[in-house]
Structures are given as structure tokens and as C-alpha cells.
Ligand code: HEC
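The chain that follows stands alone, in the form predicted alone, written as C-alpha cells.
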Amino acid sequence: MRRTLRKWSPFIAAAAVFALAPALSAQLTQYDLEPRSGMESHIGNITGHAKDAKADYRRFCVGCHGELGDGNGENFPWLDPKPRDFQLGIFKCRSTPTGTLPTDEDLSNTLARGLDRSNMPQWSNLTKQQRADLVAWVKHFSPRWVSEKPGTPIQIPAEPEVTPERIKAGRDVFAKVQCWKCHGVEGKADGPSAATLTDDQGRPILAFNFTEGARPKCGSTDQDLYKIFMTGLDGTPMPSFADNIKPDEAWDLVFYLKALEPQKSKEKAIAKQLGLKPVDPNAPPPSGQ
């Protein structure tokens, strides 16, 4: 009997996995969502109410994100990148540490800013109250908002002065944390790993091309770039570097990446003066690293 169980145990285990798979991947239903229809958001002195956003969500959002917020709206087959599945409670653009929920203000900012290079437009035409209500409605799709609180926003230190030394140091950070593997040695999104990248749903995803002049999805200011390095883009292969680099190094990386952009900038002018060459993946790491 023991020998028979050993023989069949791998098959029994596999059967158990397949049996559990539908339950683990099951989408929430309208019945599951209804108890959270009283969800609120708090942005400054504005309180958003989920129930007040139902009409706006149906008018502006349901075609992509779907009735149940699972990203399976009627436009889904034609969209790339695919709409966010709100039921997962995972968001790229946050001021909070990786793995944590964003703040209500983070979600409101995404609504107002839109997501460049996607079908998510700017909703800056909506009033602040409408956006606050929509934030509450987005939250009601995921049970994470019941059991968890948003993370504490990271602190962004004052931006230092741009210097040649900082830009050169930024290139060293780019090599140290191996940004080139996805973004390429010149920031053109052609690194050796670029073609293999997938999002948290297993769908292909593109690395950001710094040389195209496009706006990063989560904002285009220096502070926005710093925030991306230190929080990561959850749901994508872009990790948080908060445990790998110091705040000064994050600023150095910001300055180096600004030098790769096609727009005229102080960083680009300094890099040209220096004759700064792309990183060499085969070069030994700088001393002290």
C-alpha cells in the first residue's frame, strides 16, 4: 500500500493543483462586490463615495476595465497594454513601498495624469470630487482595501545639484543594478532581457525607452523618476531598488537617465561635454562596489 501511494503521489499532487486552480483564479462577482459599495476615499479635504461614481465609471471606464473591474471590458481584445485588473489591488504608480497599496491621492493622480503609451487618457476634465468618487469605486473592487491599509509614502530627499561627478556616478549605478539588461546600454529598451519581459499576468511587456522622449507612465519630473526607482512598478518586472541603492545613488541615476533623453537638458549637455560612453556590461565594477 505504501509503495502504491509513493507511485501515485505525484499524480495525486498534480490533480490537487488542478482542482485548486479554478478556486485560486476565480474572479469576484457582483455579489462579492456589493458589501464594499460604501467604500470611501480621502484626498485632501475631499471625501469620495463609491456609490456616487457608479454612473461615471459606466460612462468612462467600463469599456476597458469591465463591469467587475477585472480589466475584461468589451475593448479588452484590442488594447495593448491591457487594462488594469482592479480586483488584484496591484498598481504601478504609487508613492508607497513595493507590495503595498497606493494612497488615495496616488490613484487620483493617475486618473488626472493618465498613463502615457496606453489607452488610459487624462481625466483632468473631471472635477476633484468626481475623481475622488472614482477612486473609492476603484477601491471597492478589491478586498485588499478591507484587510490592508495603504503603505506609508516614501520620503524624497531634496534634489541635489547636477554635476559631472553625479552623472558619471549615475552611469555606475545603471551598471551596478543592471538596468541595461532590460533598458539596453544606451537606454533604448533593447537589453538582452527585453524580449522576455512579462507582466504579473504573464503578458508581454516592453521596457521603457529613454531615448524616445516619451513620458514615463508614472510622471515625468525628476521626483517622479526617483519615486519609480524606490517604489518599483508593481505588476511589472520593474523592481524597487530601495534595498539596493542609497538616496544619493538614486538621484545620480535620475541625472544619468535624463542625459539619455533626446530633449535638451543640463544633464545631456554635461554628458556630451564629458564624452560619456554607454556602460560596458563586461567591464569590472567600479572600485568599492
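Residue numbers here begin at 1 and follow the sequence given. Because the structure is a prediction, the values reported are computed rather than measured.
Heads up, the form predicted together with this ligand isn't pictured, but that's what we're talking about next.
Proximity of residue 82 to this ligand in the model of the complex: non-hydrogen atoms within 4.5 Å are present. Heavy atoms of residue 251 never reach within 4.5 Å of this ligand in the model of the complex, leaving it off the interface. Of the heavy atoms in residue 197, some are within 4.5 Å of this ligand in the model of the complex. Though the partner is left out of this view, residue 154 does not reach within 4.5 Å of this ligand in the model of the complex, counting heavy atoms only. Just one of 178, 127, 163, 201 comes within 4.5 Å of this ligand in the model of the complex, counting any heavy atom, and that one is 178. A single residue from the set 169, 88, 205, 185 has any heavy atom within 4.5 angstroms of this ligand in the model of the complex; that residue is 205. Contacts between 239 to 258 and this ligand, taken as any heavy atom within 4.5 Å in the model of the complex, involve 239, 241, 245, 253, 257.
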